[in-house]
Ligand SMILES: NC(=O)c1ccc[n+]([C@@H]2O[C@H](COP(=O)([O-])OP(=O)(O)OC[C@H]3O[C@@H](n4cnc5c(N)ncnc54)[C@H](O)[C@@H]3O)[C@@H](O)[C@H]2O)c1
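One chain comes next, on its own, written out as structure tokens in the form predicted alone.
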């Protein structure tokens, strides 16, 4: 089946589903996008992307003028297409259990309408065994023969925020069908993007996605734990990392920072709920989750208290140069500072939440925390702005080393001296 004859539905028009739906349309397919959030549908019908993703506004501009582009609030309408892709949220319950209620609700809506020729492709991050569960559920409830009448597969999303259009046609696409015909059906659909297709079993596809994110979450926990150890021993984490990595073939430790985001913070639970090493990944999570408190306690050790002091927090989103605030640790940092009775001011030029301009945020600040390493918050320009606007004894907290002074905690004047900048001690 060529792209021009193909009709695909995408249920869930979030940061995974919407760029995918627009990319299917860009490849010449008829596309029906489904989302229950009226604000999302209103924005799309008006031709506005509800979030930032490089290049997608242009694709939406084309789609809204096209007869091949439709939108609906009803999951059942997705059955009008041959291929149905589910890109729904899969959160975790607080007691470490995967919450598949959104996927199950969508499948329940589709069940009465499924017919021979349909494919169900799970694009969401899901617990091991979920693809087989969906196939068995459809067979049990409808009596449809899987692999002959209805096809079920998992094709996990592994694209980084802000790089969708770049990576959808480049990154290998993992496809795991419950049988060979289901695998081939999904491979044919995603083959339209031209990326290599890697065929496997459903559970291996599920595990590959989960452990891709677990690897990153654990990788970033190590330098964060090292940062805390260095504080204890009065060592410089950036110098220690350089000692580990410099011209050493078995180095490679990453830099510290606030490690968060929806995928990284929740996906370890898909393994943890049935783990043979219970608590290991919870410990990784505890390290990353402890970074905001570590920063607040480090400030208090140096200043005595933050009560009544102005603290400027730079960055609300969880990742550099994106507008995604979901599960960002910056919000936790702000709450902890407020509990210490600090006067918190926040600046983020990318975040959808309202924040202050950079100058207003820095004016008179006693502490400046680089919480997100946006391109606007790095290097000499930021440091000069701090020196000009913040208090004369402003403490700069920079776990990302965004300014370049290679100090997690340092007074702004000290950072300027380390970088060889001229400054006035009376600045601010």
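Numbering follows the first chain given and starts at 1. The structure presented is a predicted model; accordingly, all values stated were derived computationally and were not measured.
Just so it is clear, the following notes concern the form predicted in complex with the ligand, a form of the same protein that is not shown.
- A single residue from the set 32, 63, 387, 40 has any heavy atom within 4.5 angstroms of the ligand in the model of the complex; that residue is 40.
- Taking 159, 226, 306, 71 one by one, only a single residue has any non-hydrogen atom within 4.5 Å of the ligand in the model of the complex, and it is 159.
- The stretch among 340 to 348, 308 to 316, 118 to 126, 287 to 295 whose residues place heavy atoms within 4.5 Å of the ligand in the model of the complex is 118 to 126.
- In the model of the complex, the ligand sits within 4.5 Å of a heavy atom of residue 89.
- In the model of the complex, at least one heavy atom of residue 267 sits within 4.5 Å of the ligand.
- In the model of the complex, the ligand sits beyond 4.5 Å of every heavy atom of residue 21.
- Though the partner is left out of this view, residue 410 does not reach within 4.5 Å of the ligand in the model of the complex, counting heavy atoms only.
- Contacts of stretch 196 to 224 with the ligand in the model of the complex, defined by any heavy atom lying within 4.5 Å, are made by 209 alone.
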